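Just one chain is shown here, as structure tokens, and it is the form predicted on its own.
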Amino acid sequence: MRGVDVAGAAEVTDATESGDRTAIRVSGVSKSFGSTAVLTDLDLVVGMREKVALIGPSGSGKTTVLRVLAGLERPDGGEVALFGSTVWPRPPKAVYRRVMLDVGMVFQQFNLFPHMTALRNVMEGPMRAKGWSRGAAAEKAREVLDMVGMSGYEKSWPAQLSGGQQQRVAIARTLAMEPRLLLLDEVTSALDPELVGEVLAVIRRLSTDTDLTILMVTHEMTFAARSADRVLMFDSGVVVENGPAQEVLRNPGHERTRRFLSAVLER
């Protein structure tokens, strides 16, 4: 079963045709784990600077899409292109590395280095992956820590920070790499309820105040309605509904979407 067409909105297509490259183009991608099909013949187009929320039940393929785009999972078939360059099937190593440096992913778990301060956690990527000097990496680290509301915590160890603060440092760590595509995998799911708001506020600012292309897997429907341009509803490895965020979340056209939203909103 193939899902609905998930090409971008008309204004994104027009921009692409006028010379603005598409950020993501996925064609016929499938992925199985053993006998379980997680993605089935997925087509997906996301425009530059577009913010897209991926919703749906657990196991529907949302996180697998992000992991394929981040290069953490290899598709069984199909093609993936980012910013006009093919990354699957894999191109020469130098080309692949150049393109993937433009991709940043924030996970459910913070995974900060416990033996490094917040500042050093954020500095590490630019120094190791991009060869930046310690001074340049520290300057960028302070800039992005301030961006996520963590200025003043540079010398704090992860164990001294709340879960929300650790996740904000993790977001800063990804931003320090200066990605063009930001992948967010349920970044509030590991947080206590009272800490969710502070992280969502950071992502909300990123969605409105930056030129990043953002794909976010989330179960926070109100947040998705306010922060995403478009929503994709996944079910059993395919996209069953695609449209403007407000339209899909307030007046879904597919019965599966209606049932999912009803279950989520009643929790």
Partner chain sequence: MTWDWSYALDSLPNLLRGLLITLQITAGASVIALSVGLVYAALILSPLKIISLPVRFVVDFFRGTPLVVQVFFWFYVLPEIGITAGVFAIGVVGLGLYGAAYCADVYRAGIQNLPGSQWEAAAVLHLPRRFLWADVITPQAFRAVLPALGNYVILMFKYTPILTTITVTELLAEGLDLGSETYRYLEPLTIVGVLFIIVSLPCVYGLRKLEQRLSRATA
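Positions refer to the first chain, counted from 1. Only a predicted model underlies this, so the values are computations on that prediction, with no experimental measurement involved.
The protein also exists as the form predicted in complex with the partner chain; that form is not presented, and the subsequent description refers to it.
- The partner is absent here, but in the predicted complex a heavy atom of V103, alone among V103, L195, A81, L119, sits within 4.5 Å of the partner chain.
- When you look in the predicted complex, the only residue of A190, M177, A136, V95 with a non-hydrogen atom within 4.5 Å of the partner chain is M177.
- In the predicted complex, at least one heavy atom of F113 sits within 4.5 Å of the partner chain.
- In the predicted complex, the partner chain sits within 4.5 Å of a heavy atom belonging to A70.
- Using a 4.5 Å cutoff between non-hydrogen atoms, F107 counts as a contact of the partner chain in the predicted complex.
- At least one heavy atom of R173 is located within 4.5 Å of the partner chain in the predicted complex.
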